Structure formats: structure tokens, C-alpha cells
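Quick setup: one chain, the form predicted alone, written in C-alpha cells, and binding and motion questions come after.
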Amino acid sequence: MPQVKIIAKNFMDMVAALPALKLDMLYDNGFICEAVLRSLPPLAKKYVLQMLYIDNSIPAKSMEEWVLAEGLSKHKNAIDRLTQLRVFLETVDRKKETSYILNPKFQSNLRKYLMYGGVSPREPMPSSVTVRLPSLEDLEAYALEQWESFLLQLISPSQADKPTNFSSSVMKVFQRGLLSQRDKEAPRLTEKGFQFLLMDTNAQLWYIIREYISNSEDRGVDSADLISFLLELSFHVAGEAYNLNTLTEVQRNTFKDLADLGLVKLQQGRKESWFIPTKLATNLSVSLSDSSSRKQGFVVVETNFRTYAYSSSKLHCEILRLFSRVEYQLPNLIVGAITKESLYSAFQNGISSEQIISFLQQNAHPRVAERTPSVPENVTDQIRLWETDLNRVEMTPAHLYDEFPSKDVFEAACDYARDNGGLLWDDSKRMRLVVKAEIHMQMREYLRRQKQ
């Protein structure tokens, strides 16, 4: 079964993919320069700071001397990342020797940042204007509720606690890969969609943001401007209120979509309106690996294939249904079993055994997460075996031919099918043969000519 890979890129991968002209324009914004610096690997950060006050280019050979021999692979990775982001500009002289110089725009803005310190993109609103703001705990609960409601709309809209009308901008993200819809039918999850639901929450978020940006041109929004705005958003303080009037019309429309996803909370006062960033928004400029803090797991898998999920989340229940049989649900416990039938259904929907095992391991309850392995080996081995069993038989559309008038006609037909790469099986005693469906019409025409 061919597997569809979903790659969740972070912002810096999208920044690096921009054309050189747009990338240089982004570096006019000091917040972008700071975000890029924060995202770099440690060795790349060191190189940037070393060259921050050097205006001349440095030969590549000289830079190789900055590390020991065993660190050359990390050195190469750092240089590659810096050149991808155009933080380093590469030059080649007449002797074909390579040198690197720090991007002048990036260098200038970073110097200002180090000399004068960073400032917030906009000042928070005074508490005398805003109503009582939610606590960080309430804000995190809100973000989780919005995200779960969003995912429940994908899996099973009937299970959502409240009807949520997502904007066409957000829905188009899913129409492009995670959802499919035929005329007069409800949207259905695609193979990518099933795989998406088993991903880590941060990986899911990066996937959505990447697709949202890729789809921006269709909404008349420049992708570079959107990346710049979202990176700037990451420099706001989670839990603080910021005036919506400081935003452009395009940015306000973007915030409506971000509120659907739980990245910001919108509030209306008597005279003013404001937005409150959640931690999902303030982590946008951090790399995927850095932002993926391990959450407390909730699943216990036993050697008899029984599963116990200590959760009251409807979303968790629906995700478990993707590959297991849910038997009953208590207020804080979901009891089920991993069966051959439930796994076959998952495999047919494009979910692989490795994705299921990874989900169970990443979401293992703390009591079993400390064990090695956290999921019993007999369970993981059997999940892989059942996937292998499903893939053991390969289906090929074919046609059976029999009742040949003579041995000579039968053998000639076998030779014809073999020469055209369509012979699958033949029985010379009973004069029967099976050919691929793709040469069926050719075979019929050949046999018709033999009768004449």
C-alpha cells in the first residue's frame, strides 16, 4: 500500500523557499531577523554573531578552521542553513574559491536589535480599557477547545459540542488534501486526512499554517506579507490584549481564521476590540522540535490488545475509533480493543502500522510511559504482521479464457499474451489461461482473427 507522507515544515522552511527578492525584503523587518536568528542551529547562531561586525567576506576554507575535524558535518549543515535563508551570501572569485558575507540588511537590523534591545510590535492595551482578561490556564483551555472542535468537525461533525462555521479560507486548506467532497455529499476524510489526525498537535498546526500560507495567493494576500505578519505575531505576549484597530483589513480577516484554530482569542469591549495571543501563536517562530513539548499521555495498552484511555475528550475517542473498537465510554475512561478488523479498516484508509504504533507510544499514560517498551511488543509485532497480511495478496484485474478449439490455437494465444506482457497463468492440460485486463481487447481481436 503506497503511503502518503505529510511533512510539517516550520516557518523557516517556508521563509527559505521564498524568492531571493522577497526574502531580502523580509529582512527590512527587525522582528523577522530576530525570528530567523532564534530558529538557527546553535553553530549557525555562533557564526552569525562572529560575523556581525565584520563587513568583509570570509573565505570558506578559513571558516572550516573554526571547528574541529569531527564537527565538519555540523559546520556544513550550519552553512547550508544560513545560505538557504540568505543570511549568508555566497561569492565565488576568479580562482573559484568560495567566500561568505553576512546579508547587509540582516546584519544592520540585528546590530540595532543588540544595541537598543527588542521592543514589542505593539503595546498592550491598558487594563482600564479591557474587561477581565482570561488567565493563561483559561487561555490554554480555550486554545485546546478550539483545536479539538476544529478536528472534530473533520472527523465527525455530529460529535462537536457546538456547530462551528469555519471560514472558507480555513476550509479550503482541507479541501486541498485532507477532505474530499462530491456533489450533494458530506465532506469525507482522505488518506492524508486520516494520517493527519494521528500526528502530534504541533505537527498538525505546522501543516495547517503551511497550507494556509500556500493558499494565500488565492485570497489575494501576498505569502511573504502573511509570513511576516505571523512571525511578528509570535513576538507578542501570550495573555496580553492588543488593539485590533492597529491591524489592516487583511490582518483582521486573518485573525478571524486564527481564532478558529485557537491561536488567538477575540474579545469585544464597549468601544474597543482586541485580540489575545495564545501560546500556539507565540510559539510560531520556534522550530517544530523546540515547540513540541511532550504532553501527558492517556493511553494504556495491555498484552491482550485491550486499550484504556484515561480521557474525557470526544476527540480522543474519535481518534481511537480510527484503528480500534471502542466498546464503551465512561466520564473519564474510554475502553476498547485493537482487533484485526479495526486495523484492516485503518489500513484501508491509508493509516500505516508505524503511525498507529507511534501514536500509542507518544500518548502512553505516565504509568506505562516509563517502561521499555511503553506498548507491549506482542501488540506492536501483531499490528505490523496484520498490515503485512493485508499487503500479501496483490489484486490484478484479469480475464479467463477457456474452451479453445485446438491445442495449437491455445498455445498461440499463450504466446501472444506472453509477448504483450499480459499472461498471468495458463493450464495446458485444460487449455485455460488468464490475462491482464489491460490487454483483454487486444486478445479478443487476436482470437477473432484466428477464427477467420
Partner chain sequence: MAAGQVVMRAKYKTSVKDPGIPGVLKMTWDKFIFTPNDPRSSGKLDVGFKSIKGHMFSKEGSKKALLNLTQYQGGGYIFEFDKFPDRDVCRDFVGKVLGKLQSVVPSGQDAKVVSERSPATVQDEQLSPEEMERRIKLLRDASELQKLHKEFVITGILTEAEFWATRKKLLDVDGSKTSKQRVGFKSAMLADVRPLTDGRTNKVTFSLTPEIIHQIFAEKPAVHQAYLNFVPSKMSEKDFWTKYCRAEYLHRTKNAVAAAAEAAEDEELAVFLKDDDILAQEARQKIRRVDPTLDMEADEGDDYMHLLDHGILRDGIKETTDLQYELYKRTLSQDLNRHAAVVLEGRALEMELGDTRTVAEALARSKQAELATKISDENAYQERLERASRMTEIEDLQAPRTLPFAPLCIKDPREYFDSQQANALKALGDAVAGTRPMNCTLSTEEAYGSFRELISEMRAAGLSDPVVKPEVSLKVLNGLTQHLSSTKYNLGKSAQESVLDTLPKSTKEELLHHWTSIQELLKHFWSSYPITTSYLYDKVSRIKDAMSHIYPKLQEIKESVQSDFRHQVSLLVQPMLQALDAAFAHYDADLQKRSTRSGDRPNGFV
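All figures in this text were calculated on a predicted structure; none of them were measured in a lab. Positions refer to the first chain, counted from 1. So that the term is clear: the rigid core is the largest set of C-alpha atoms that superpose within 1.5 Å between two forms.
The same protein also exists as the form predicted in complex with the partner chain; that form is not shown, yet it is the one meant from here on.
- Only one of the listed residues (408, 55, 415, 402) places a non-hydrogen atom within 4.5 angstroms of the partner chain in the model of the complex, and that residue is 55.
- Against the partner chain in the model of the complex, the set 307, 330 and 382 makes no contact: no member has a heavy atom within 4.5 Å.
- For residue 62, a non-hydrogen atom is located within 4.5 Å of the partner chain in the model of the complex, even though that partner is not displayed.
- Proximity of residue 115 to the partner chain in the model of the complex: non-hydrogen atoms within 4.5 Å are present.
- Contact annotation for residue 70: at least one heavy atom lies within 4.5 Å of the partner chain in the model of the complex.
- Looking at residue 50, you'd find a heavy atom of it within 4.5 angstroms of the partner chain in the model of the complex.
- If you fit the rigid core between the shown form and the other one, you'll see the Cα of residue 60 move by less than 2 angstroms.
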